[in-house]
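Consider the single chain below, provided in structure tokens and representing the form predicted alone.
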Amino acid sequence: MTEQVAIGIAGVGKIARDQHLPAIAGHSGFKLIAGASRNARIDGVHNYQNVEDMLAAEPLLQAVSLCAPPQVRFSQARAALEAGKHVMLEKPPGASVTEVSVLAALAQQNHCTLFASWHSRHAPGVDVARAWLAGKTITAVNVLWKEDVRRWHPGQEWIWQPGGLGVFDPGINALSIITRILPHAFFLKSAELFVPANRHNPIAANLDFSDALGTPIRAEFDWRFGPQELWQIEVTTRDGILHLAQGGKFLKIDGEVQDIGGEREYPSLYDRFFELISTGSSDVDVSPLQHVADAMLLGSRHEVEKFED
């Protein structure tokens, strides 16, 4: 493709302003022409209350990036795909695994690109880690993903509601990384979910996975942690230990710090989206969301103290 793709954003909240808008502005392949949000506006473009109004009023629109909470993602994506627009889904791609599969079929039917984006997979250390682990014998994996919910989701009630995922909203970033870097598929064996007495979704979770070889994979997620975030993955192999930290922005292998370059997660996402549109293809991997669904299904629930924002 040589022309810019006319794109709109739905859901103009913190993640859109902090990441998506700058990434689009800096990408030569996209031109932002519209935004859809009930409570916010984007300067310099046409603004609408919802996706349906944006689609009806913008005939030149070619693609839509959906940044609203996952509970409304399906209806927005369906409307865009039925209108023949390419769609990028912020993580998680939907409120359920099945609805994303329905969207993938709809995208194929309408000859549109559907991109279920996982921004943490685009952290600079992830593909370097994946390449190093290929062919290695892994003996253990330990994931610690801990942060302060009040810092990252201040006043956001949707995260506590069904479909909002609770602590799995950040935890799914860790799952997106390990599903990318580990050479073998893995599955959940057991889980503990720690749920505030006044909330629906967990504020913390401990997960124990295994692969077909019996490799132990442990993940601990916690939203009661601070003041500094702890986003790290340690993979022990027979050839040394891989340590991925800062959400994938720092990599150490067998004690030696690796030169992995600078962080550009969201610009890389839009590189990928543009590539998919250009080649007429889609990228819809739901494995991180499937692991969350399994945790909700298999996890034992423990009530903890009430959470007040």
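What you are looking at is a predicted structure, and each value in this text was computed from that prediction instead of being measured. From 1 onward, residues are counted along the sequence shown.
There is another form of this protein, the form predicted in complex with another copy of the chain, and it is not shown here; the text below is about that form.
Look at 220-228, 121-129, 99-107, 140-148: in the predicted bound form, residues with non-hydrogen atoms within 4.5 angstroms of another copy of the chain sit in 99-107. The listed set Ile159, Leu133, Ala95, Ala83 contains one residue whose heavy atoms approach another copy of the chain in the predicted bound form to within 4.5 Å, identified as Ala95.
Of the heavy atoms in Phe74, some are within 4.5 Å of another copy of the chain in the predicted bound form. Of the heavy atoms in Gly214, some are within 4.5 Å of another copy of the chain in the predicted bound form. Another copy of the chain is not shown here, but in the predicted bound form it comes within 4.5 Å of a heavy atom of Gly163. Looking at Leu188, you'd find a heavy atom of it within 4.5 angstroms of another copy of the chain in the predicted bound form. Contacts between 10-45 and another copy of the chain, taken as any heavy atom within 4.5 Å in the predicted bound form, involve no residue at all.
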